[in-house]
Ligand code: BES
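Below you will find one chain, with nothing else, as structure tokens; this is the form predicted on its own, and questions on how it binds or moves follow later.
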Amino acid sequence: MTKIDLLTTDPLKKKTSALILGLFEDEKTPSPLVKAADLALGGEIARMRKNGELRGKAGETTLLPTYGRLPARYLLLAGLGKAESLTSESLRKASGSAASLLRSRNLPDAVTALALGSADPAADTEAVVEGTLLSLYRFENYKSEKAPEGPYLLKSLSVATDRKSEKAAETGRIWGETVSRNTILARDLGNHPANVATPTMIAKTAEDEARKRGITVLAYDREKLERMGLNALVGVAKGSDEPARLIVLEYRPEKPVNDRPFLLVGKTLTFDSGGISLKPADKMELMKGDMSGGAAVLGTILSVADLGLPVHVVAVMPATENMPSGRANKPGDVVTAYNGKTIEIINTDAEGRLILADALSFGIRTYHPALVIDVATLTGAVVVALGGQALGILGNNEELIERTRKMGEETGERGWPLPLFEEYFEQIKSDVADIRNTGSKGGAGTITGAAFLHHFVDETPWVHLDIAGTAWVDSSEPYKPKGNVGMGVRLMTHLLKDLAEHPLAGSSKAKAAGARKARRA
């Protein structure tokens, strides 16, 4: 991975292949760095702006040779859009676009001043690092002729900051590198073909990564799951020849701030054919990415451990395939989940909620968490509702839902809340069992999916993230090369940190803090 360091001296005086500076749209007064660079280049930047060749629009990148007038061989001007609309996400995207241009020109190193002078150097440095590293990602494991690393890979990036911001910027650098590394791990798992990324392989990967960090890990096989009563998960798994796994990871630091763990549950469906309710052949190959929720919770717990956050976290990953066979679930079958609820299977392609049902109830009843977050490529309906721009957020705790939404805005993994009105629960009532696995009326598939999961969280504060529309991209975006995105790692890592520092209202920590405040008053 690209080596990242901080630069606290004048970036204009640093010898490098490229110096990255930001330009705002309709900028009347350029930044001091841009003015100084323009002076060194004999007013070329100003001329190009006047001629409309440089507009500063978001996503615009221009590479100018300096001809020895600056220590940098090239000046890379990255458009930032309107100054009043600048966010960390703007810097993340601009850094991704800049890194892609550097890669295409085979430039091995660069200095970026995009976060210099930031009001929030930690967040903005993190964004610049993430945008760069995630943009450079390529999945070429199965190509016989791989692009040589050499000059094709940006080897080093110096992030310019000032002395007073150095400590905060260093925090941002560490977060950016750490979370990007684990996002890339999640991307890799989602991009591997299903004949490689099997439940066994994912369990082995989780075990290897966990042991490096002192995270405990268990992986229950199908026979054990059957004896334990996780019949909803076993029912999906029995149609496949691939062994199923329930992967459980626990990170418990020496002095966790939370009395009870935070529980993460991720759908880890390594291939989804639809089962007996077979999917159409078109784009079925993308169903290798139906384990993106599990990859996200794995990347998150690894990030928490790597960053040394004082948070007790448990991650549960129900891993299996959904295949048609003589043993597979049939429409009309009834299974009994871990918590005793009976489920009528109307559509075997609504299998994600079945494996999540058992994973949620197992995690809650085994670990008694303070809260639970589940993440899943659960429904195609979320694409209809929100497209590829936002993940769906649902749950039973309004504070947790809103804090998740706000953290999505900050991390660039945006989501939007959807309702869980009582009428939606009526749609999943069954005539022959407690509930059915699809709604009885058309529409609102994302919501009825969440209503189904609600039956398995008891009274635990819970938020459900449906990432089916955001887990992969069909064409490259500024820091998202075509393929699996690794969606959710950044959002959940920051959310767990925030929840540790500011407990949910009503939690034991929040009540204790309120009592201390009352005593002081």
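Residue indices: 1-based, along the sequence shown. Since the structure is predicted, the reported quantities are computational estimates derived from the model, not experimental observations.
There is another form of this protein, the form predicted together with the ligand, and it is not shown here; the text below is about that form.
Put simply, of 377, 112, 300, 268 only one has a heavy atom within 4.5 Å of the ligand in the predicted complex, and it is 377. This chain is drawn without the ligand; in the predicted complex, the residue among 349, 188, 89, 226 with a heavy atom within 4.5 Å of it is 349. Looking at residue 353, you'd find a heavy atom of it within 4.5 angstroms of the ligand in the predicted complex. When contacts are judged by a 4.5 Å heavy atom cut-off, residue 433 does not count as touching the ligand in the predicted complex.
In the predicted complex, no heavy atom of residue 174 sits within 4.5 Å of the ligand. With a 4.5 Å cutoff on heavy atoms, residue 365 does not count as touching the ligand in the predicted complex; it lies far away.
Contact annotation for the candidate site: 4, 122 and 170 all lie away from the ligand in the predicted complex (no heavy atom within 4.5 Å). Comparing 271-279, 212-220, 397-405, 336-344 against the ligand in the predicted complex, the single stretch with non-hydrogen atoms within 4.5 angstroms of it is 271-279. Residues of 441-477 lying near the ligand in the predicted complex, listed in sequence order, are 468, 472, the criterion being any heavy atom within 4.5 Å.
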